[in-house]
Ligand SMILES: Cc1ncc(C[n+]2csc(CCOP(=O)(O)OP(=O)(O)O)c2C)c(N)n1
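One chain comes next, on its own, written out as structure tokens in the form predicted alone.
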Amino acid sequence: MCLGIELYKKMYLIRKTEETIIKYYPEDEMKTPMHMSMGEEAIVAGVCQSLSHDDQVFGTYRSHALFLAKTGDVCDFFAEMYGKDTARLKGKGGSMHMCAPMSGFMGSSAIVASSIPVALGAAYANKRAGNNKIVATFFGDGATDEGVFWESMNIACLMKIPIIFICEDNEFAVHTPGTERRGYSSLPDIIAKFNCNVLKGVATDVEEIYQTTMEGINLMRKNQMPVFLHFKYYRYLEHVGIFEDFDAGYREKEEFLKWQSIDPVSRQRSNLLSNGYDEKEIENLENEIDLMIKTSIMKAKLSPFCDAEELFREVCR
């Protein structure tokens, strides 16, 4: 299957999975906070498409898109959202602490910037082992306000550790814009002062993100320096939850409508049609994914909860 279709499959799966969350979340059976990924699908899809199955990724509490892009496992996803025994993590992870090491998804954390040094350690271990695995760590622009980000960037550049730092920049740390948090105007310009490869791209064009990531990987293999990727995007929904929040006063809906007009999922679908793909072929693919999601959520709802003893398994006491 061609690259364009594969990228669209990833994004469509993410978007429709989250639309399904929005549909069922009011039933109050998914007992986990939801940090939705709508608007950032192209970033994770493009980056993960450039990685191999064995390459490793680390994420944040906004983990849905990354988990689905790396694993494609919507059955495990919904089992975890419902906290059921059929989930890999048995409901202990929830939305913010997804993990699937067998697929290279090494974990996500609810503490801002905390997964960055862990990813750096994994990348260093891979370098020592000589296994050629790539590590990619995803984070929002708010994480760059934390000291551990700069410390990790410094060590990665100093020791020439093969790691990709991916900044998903939506301009806000929860509700606070970058202009009120930073004493500089351009994050990529600051990072460019380090001995690393700095690239950026259009966050709604998934194929450009893929190409940009591949360029970064090739540079990293050539000059043995880490990569910093900077992609701006727009978070469609509230910081945490399934609703819009334009009445909160920190951003205007007009800005959202501008970004929605170049929505990454719709944009890639249009690109496929423009490049000669048949509408029926795309619809068949979408129907397959829709059915997979419907089956997965119904299976999760019907699955049993863990027994009480599961609370204490694999937990230090």
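Quick note: we count residues from 1 along the sequence shown, nothing fancier. Small disclaimer: the values here were computed from a predicted structure and weren't measured.
There is another form of the same protein, the form predicted together with the named molecule; it is not shown, and what comes next is about it.
Mapping the unseen interface onto this chain, R62 counts among the residues with a heavy atom inside 4.5 Å of the named molecule in the predicted bound form. Among heavy atoms of E146, some come within 4.5 Å of the named molecule in the predicted bound form. Interface membership of S95, defined by any non-hydrogen atom within 4.5 Å of the named molecule in the predicted bound form, is ruled out. Taking the partner from the other structure, the named molecule in the predicted bound form has a heavy atom within 4.5 Å of a heavy atom of D141. From the list 122-130, 190-198, 212-220, 106-114, the contact stretch for the named molecule in the predicted bound form under a 4.5 Å heavy atom rule is 106-114. Though the named molecule is absent from this view, in the predicted bound form it lies within 4.5 Å of a heavy atom of just one residue from T137, N170, T204, S152, which is N170.
Here is the short version: of V174, M159, V118, M102, the single residue with a heavy atom within 4.5 Å of the named molecule in the predicted bound form is V174. Contacts with the named molecule in the predicted bound form, taken as any heavy atom within 4.5 Å, map within 236-255 to H239 alone.
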